[in-house]
Every structure is written in structure tokens, then in C-alpha cells.
Ligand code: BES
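One chain comes next, on its own, written out as C-alpha cells in the form predicted alone.
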Amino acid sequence: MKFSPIDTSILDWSGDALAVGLFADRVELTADLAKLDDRLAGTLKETIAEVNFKGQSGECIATRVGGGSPIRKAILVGLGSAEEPQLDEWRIAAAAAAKAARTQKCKTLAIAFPPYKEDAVTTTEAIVEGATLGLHQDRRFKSQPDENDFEVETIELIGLAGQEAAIDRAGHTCAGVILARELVAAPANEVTPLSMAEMAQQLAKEGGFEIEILEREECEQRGMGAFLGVAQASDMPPKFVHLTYKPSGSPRKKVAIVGKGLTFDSGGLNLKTGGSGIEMMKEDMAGSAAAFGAAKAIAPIKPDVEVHFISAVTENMISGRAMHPGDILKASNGKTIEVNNTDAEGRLTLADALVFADALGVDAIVDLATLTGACVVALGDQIAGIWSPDDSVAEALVAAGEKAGEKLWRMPMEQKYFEGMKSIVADMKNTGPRPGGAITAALFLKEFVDKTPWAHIDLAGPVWTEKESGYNNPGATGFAVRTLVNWVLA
């Protein structure tokens, strides 16, 4: 699909479908829209009245235009409130328009939305992101093609001439989101520690990254006992992946992105049982998917920022080699951990990954993980939790999420809660009491960052959706890729 920014007026455009955006508190046809409606024999006004179109977020109606018009279909799309405009409404509206064009079998579509806060660059990026992600369908594992499959070939952006760079950047970002979606959606017999390492090597080749993959023996030499304790039951060898993007000149900042990389989580000897969602534990590597998706997006954008992408990739399985509840592991910073629950394994892998990142001398670290069900209970399935002892890092990530339309809610780091994780026989346990479980998980991770400003994002809720929502179709959402890109570029 090709995007083309044009300066053609809606009065002069011709093609299969024209989508116009209307605000909920201004559902009226004025200026060029009124003139267009006159040329279309009142079709727009009649459609608004017939379906009681309100201009609400995501509201969309397509109608045929008759009488030899140069436009075959007209599409009306809601943009929400004009008084309190939200950038994400442009993405949602673009997705709705693109899906309507596909349903109506339109090869060419023009989108004519008013600019968001008179910002042509931001408007362009939002429309491209919404349309691209809204039309994305993951059919890799279907044996038959979709009978209703149809491709929109060209989307022209009316009034946004000259925004080719914004289109390119949005396209790169979407490519990263789609990579993350496809990694999370693929089953654990397709996405393994080995295939993740191979994918990272391909990213390095395509994007000009430096790459370091630590095998089990090298991890042992570095004392990564927490990571290897989780990995020891699997027949799949663990892979510690470190990708580095370096700009051509001196970087204005250096950051590290650490993603939890459990390609499957059985729970270990604390086995997940029926009804626990074990069949969905292919998504337990969504943190690393977001990190690698951001890497794919950032490489062609070429920011003046040094970025390290890190993931300790393994499975959490059951065998005669499995770690036991009660085992004591030593992380690479020397701290000891009593394993009181083998199903709290993600934080163990992240512990050694964070120690590794902390030693790089970067300005900030963010880790991302499908870490706790407790965060889903607290915030639901559309909001990720963020914890940080550093206000500037937390605020920058929340702002990056707001721009991306990905909701982050800052949660408390109540240090007193760590009392519940103290162990008689080791420095700490890997889980605390049930209440405040997402908070104690963040406090656990804090023990493995010594000197670098750091934030933890628990994205267990929004990485997957069971139903269509805006520009997210059922399945993996690719959550946090766009937030990370915005954070790096800020």
C-alpha cells in the first residue's frame, strides 16, 4: 500500500473513495464540504440525517455516490470532540476509513481530515499509523486465503503535500509494530530462543547494528545464575541478546531497552493449570518483541541516540533439571534469591539483564515485561503500569506513550512492601505477599539497578486484545513499540 501526500482539493479529487472527518460537536458541512455535497446532489447531508451520524470516535459510514460522480464512495468518519482533540482519534479514524475502503473494495482512497492542532507532521504520522495498523492482518498460519481479502492500493492524504518524511517515519514505526505483533502472535513452536536470536541477527544485518549473543557458557562465566536458573529445564538453549545502534556522530544520549524474553512460560514446577491462561504463554516475550520492534523502527530513522536492545531469551519449562521451589539462585551482581515460586520467572531473567544494562554507562534504562497478573487486575487490559524512582524518566515515558496513544499509568514504589520479600536464607525471595504483587515485582527489579535512572513497564494487559478496537485487530497489538520510538527520539 502506498501513501501519497497531495494538495488537491476535495472538490477536484477523483477516485474510488473519499473519506472526510467530522467532529462530534461540529457535524455540519461548511466551506468546501458544503460545496462538495452540492456536487454530490446532497448525498453527504442525506447520509448524516439517515444514519444519525454523530461524529463520535471511530464512527464510520460509507455510502455510494451516484450520477456520474468522479467519486464512487463517500466515507464519513468521526473524530471525537473538537474542543478536546486527542491525537489518537486521528489514528482510529484513519483505521476506520481504510477498513471501510477495503470492505467497499476500493483500490484508491483519499483521506481529508482537518490537521491535528494545525500540525501537519503529527497529523500525517497519525493517519499513516492508523491506516497501516488497522489494515494489518496476520494470516501466516491460515491454510486458506480469506475470501473477502482485498487490498487498498493507494491512500492519498489531502492537504498534506510535502509530508513525505513524516510518511516514511510512520512507515518505519509501523514496520516495528508489525514485527512485534507477529512475534507475540506466533506460537512457541515457531518463536523459540534460537529463532529469536536468528531474528536479532537479521535485524543487525539489515539495520547496521552491533550484535552480541551470549551462549549458556558465557552467561555462566558472567555469573548470570538467575537467568540460567529459569533456563535450565528447557531443551532449548538460552540466548542472551544484545543489539546496539550507534549514530554516525556523537550521541546526544545513550539509553537501554530491556525486554522480558520468555518464549513460553509453563510456570515451571509451580505449573500453570487449566484456566490459568497457559495456552497464551506464547505472549510472555512481548517485552522483548517491543524492544526488537523498536529496533526495527529506529534503524532506518537513524536518530542521534545510542540505543542498546537487550533480552535474556529462554523458556520456563519442566524437566528433571528444573529449578525447585526453595532453590537459591545468585544473580550476576552477587545478590541471592530464594525461589518461592517458579512461575515468577520473568523477574529472574530480567535481574541479570538489568545488571548487564546497568554496566553499560547509559543515561537511562527502561525494561518492559508481561510481568504480573496483578497489574492487569489493577489497570485492566488497556493500560500498562510504570514504576520508577526517577521522575524525569517516568514523565518522559508517559509523555511518549501519550503521543503514541499507548496509555501508561505511574504506580507507586512503596519501599516498605519489600519487607514481604525478605528471606531467612537468602537476600530476598522472588515473590512477596499477594496484595500489591505488581509493586513488589517492581521493587524486586530495583535491586538489580545500581546507578542508572530506570523505569519498569508492566504491559501484561494491553499486549493482546480479543476484539477489534480502533487500529488494533484481534490478537497481538504490538504495544509499546511506538512509545519506545517516541522516547528515543525525544
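A residue's number is simply how far along the shown sequence it sits, counting from 1. Computed from a prediction, not measured in an experiment: that's the story for all the values here.
The next section is about a form of this same protein that is not shown, the form predicted in complex with this ligand.
Put simply, K272 is close to this ligand in the model of the complex: some heavy atom of it is within 4.5 Å.
Put simply, L228 is far from this ligand in the model of the complex: not one heavy atom of it is within 4.5 Å.
Remark: L443 does not count among the residues lining this ligand in the model of the complex, judged by a heavy atom distance of 4.5 Å or less. In the model of the complex, this ligand sits beyond 4.5 Å of every heavy atom of V128. Screening A344, A204, A394, L160 for any heavy atom within 4.5 Å of this ligand in the model of the complex leaves a single hit, A344. Between the options G171, G373, P303, P114, the residue in contact with this ligand in the model of the complex by a heavy atom within 4.5 angstroms is G373. Between 97 to 105, 356 to 364, 277 to 285, 181 to 189, the stretch whose residues reach within 4.5 angstroms of this ligand in the model of the complex through a non-hydrogen atom is 277 to 285. Contacts with this ligand in the model of the complex, taken as any heavy atom within 4.5 Å, map within 255 to 274 to K260, D265, K272.
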